[in-house]
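In the structure tokens that follow, a single protein chain appears in two forms: structure 1, then structure 2.
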Structure 1
Amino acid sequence: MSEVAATGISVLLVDDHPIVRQGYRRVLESQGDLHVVAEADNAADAYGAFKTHDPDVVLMDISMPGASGLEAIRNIRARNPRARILVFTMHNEAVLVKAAFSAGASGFVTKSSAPSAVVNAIRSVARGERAMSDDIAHVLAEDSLSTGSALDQLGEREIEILRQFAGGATTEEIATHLNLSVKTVQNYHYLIKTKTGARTDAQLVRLAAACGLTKI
């Protein structure tokens, strides 16, 4: 990663909607110290762009075709444990926020946040700090007072597989999206059922829907 203080903050912008990327490229580059060095619209290209450009901060959406931003976070952090990734998404479900942080995200802000809040979060993450928009902080505070979700037992890879399964992806499609064997996905499927107590696939889908995973 570059020296932030000397050269400004380099940003990799990851979102599957071109109009969002265009809009936020303008917002970020108008700041003077923020420079968008690359864009990507899916998890695989995000990983490739990270390898090529080594940005100071990755601004990452969760919802993308195929593998989600959760998988991209996992892969980027596996390559570089010091990578700084700020999730920027319309979703604010507690299970996703916790999964993103578990995968290695440094911050989480929603797209309902003011542009200035996103800019400040990028700068905070670039300094090595954790950043959250006010609504996400509220969601996590409420979640800490609740009895929890059946999905709290799942790791971020299991959350990602359940998300794709509940969205209608086949075992073979999930295996392709995540570069796993079909057998491995089947084993994850069994573990997810065991951990959540779901007896049928229909129960799994209802559980995923109740926790907001099918909205992605």
Structure 2
Amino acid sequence: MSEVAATGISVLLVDDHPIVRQGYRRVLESQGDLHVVAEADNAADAYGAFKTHDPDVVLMDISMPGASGLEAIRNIRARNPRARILVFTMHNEAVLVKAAFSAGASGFVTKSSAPSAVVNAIRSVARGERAMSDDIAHVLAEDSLSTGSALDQLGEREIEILRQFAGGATTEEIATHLNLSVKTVQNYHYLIKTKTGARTDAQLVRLAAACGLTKI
């Protein structure tokens, strides 16, 4: 079991931006009790690195190209249900948070959080606790009170496709990224539009932006 060793907490870093990873590594290692034992820039490598290094905590940005980060969470948890995965992303949409927790994440912090909040979250999940940043707790609280945002009715795949579409990807690019046929992506596109009530691609982009799914 990934008991926290007396030597500190071992961390696997998953983010698709090299310089961002390097920055995190330096921030974490300056803490003394945190040690980055491996890095990965995609879901498949993350799974491989987890198998070889068995880290105490996986710090993972789930908005990566290619396979969904949620997929990676599920894979890792399938291999070792004791794995502690702390999702670390700039998105703060309630649907995403709920999807991450139901995929097996132990915590969810946004990049808007103070660095100290992030390292504390790492220590919390290493102890087996659940952790989330204040803003995440806030959106979850509001979400539980509201009738539900337009995005709540979307499935995980739909969310991912909407994110990529709103980010500017073409249908073919999305199909390639997610290993789907163009036809399937087109169908999702149509489904998303009908579910959200958007009559225009532009409205879809605005919706995604309004929900924090994508930044402009």
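Note that the rigid core is defined as the largest set of C-alphas that superpose within 1.5 Å between two forms. On a predicted model such as this, the values are computed, not experimentally measured, just so you know. Residues are numbered by position in structure 1's sequence, first residue being 1.
Matching the description of the form predicted on its own is structure 1; structure 2 comes from elsewhere. The Cα position of G197 differs by 2 Å or more between structure 1 and structure 2 after fitting on the rigid core. Superposed on the rigid core, the forms differ at A169: its CA is offset by 9.1 Å between structure 1 and structure 2. In the rigid-core superposition between structure 1 and structure 2, residue position L178 carries a C-alpha shift of 7.5 Å.
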